[in-house]
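This document starts with one chain, in the form predicted on its own, laid out as structure tokens.
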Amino acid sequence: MRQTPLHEEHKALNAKIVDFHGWAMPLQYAGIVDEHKHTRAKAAVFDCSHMGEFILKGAEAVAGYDALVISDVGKIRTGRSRYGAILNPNGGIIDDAITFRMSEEELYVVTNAGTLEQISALLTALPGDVRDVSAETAKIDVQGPQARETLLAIGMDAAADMRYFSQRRIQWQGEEILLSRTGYTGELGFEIYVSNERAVPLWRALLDLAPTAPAGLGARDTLRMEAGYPLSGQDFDENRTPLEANMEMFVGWDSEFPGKDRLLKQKEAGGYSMLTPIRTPDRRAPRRGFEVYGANGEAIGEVTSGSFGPSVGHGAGFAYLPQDCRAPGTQLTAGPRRLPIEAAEAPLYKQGTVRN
């Protein structure tokens, strides 16, 4: 397995290491529930150095990238970022991505580990100046209601007034780094992109502070399900379109992108199943692969993610459901034992710090 620059730090903290898309990643340290609750109450630090990062410079590179994603890149203002997806020619989702507009002719694009080689081949084939900087970049996320105070305490003053879905290049200990504010937990969140050489000093500086604790992939998964955030490669893939994955709000219909004709026809025809948040009435959790059954006992869909939600006290997840079964509160069952579930509205866990 590939190792992030923080691998030895995780071992020193007695993390349970698992294989995540070929990377040796920490699943948990103190325990998934404890790390989940700490993130909700204070601030957690996540190693996300397995993810992909790309720098695109020049009008040709920007235009080439714009033609691959559902986002209308031309509408992203300098200093702001936007969520979207990179599609194949049939309109299927290769991966989701966040696009940072660094300047009129420079983008910084963040993607996932599972399809990194495919995305890298696609982006580096674009005209202009495109660099895959994934191997030389460490990414550390700080998530939780005390995330801002944590960054201010280590000298990242820019965090004081950063808006949601914005980013800045700043100086930290003599090195230029990239600081962004997006998040994948439903809490106030920041992401720090640094060179591999600076990863360990930054990690230690963050964990030296009283509000912080390390958190692994397990807590990240339960947090994102409560917040209503899907996972690339699990809740959607190249067999699903942005409409099916409930991404229509991110589609720039005035721009061109692969598979646009198919999406327009799909939108007009309707009748497709769509990724839908689900919940259970108790602590039992829906599980990935569970078949979903309607009121008459007929199979109507499939669960893609599911877990117990420590902050909401019940099972949470996602399933593909037909449109007449998506209304919040619609009663369904799932799995061989017909676990009661219901369609829900995201986020399942609601609080007010994300956009503040």
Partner chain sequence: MNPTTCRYTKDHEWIRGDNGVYTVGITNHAQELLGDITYVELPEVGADAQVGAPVGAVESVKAASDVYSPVTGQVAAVNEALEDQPELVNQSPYDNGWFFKLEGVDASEVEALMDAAAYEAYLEDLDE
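The structure presented is a predicted model; accordingly, all values stated were derived computationally and were not measured. Positions refer to the first chain, counted from 1.
There is also a form predicted in complex with its partner chain; it is not shown, and the following applies to it.
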Exercise. Assess the spot marked by K16, L27 and F308: is its partner chain within 4.5 Å of a heavy atom from every one of these residues in the predicted complex?
Key: yes
Practice problem: May I ask you to check whether R262 falls inside a 4.5 Å heavy atom distance of its partner chain in the predicted complex? | Solution: no
Exercise. Flag G31 as yes or no: does it have a non-hydrogen atom within 4.5 angstroms of any non-hydrogen atom of its partner chain in the predicted complex?
Key: yes
Quiz prompt | 4.5 Å heavy atom contact, T222 to its partner chain in the predicted complex | solution = yes
Self-check item: Partner contact for H38 in the predicted complex: its partner chain, 4.5 angstroms, heavy atom
Solution: no
Self-check item: Answer option from R204, R163, R283, R169, heavy atom within 4.5 Å of its partner chain in the predicted complex
Solution: R283
Quiz item: Counting only non-hydrogen atoms, which stretch in 285 to 293, 327 to 335, 65 to 73, 51 to 59 is within 4.5 Å of its partner chain in the predicted complex?
Solution: 285 to 293
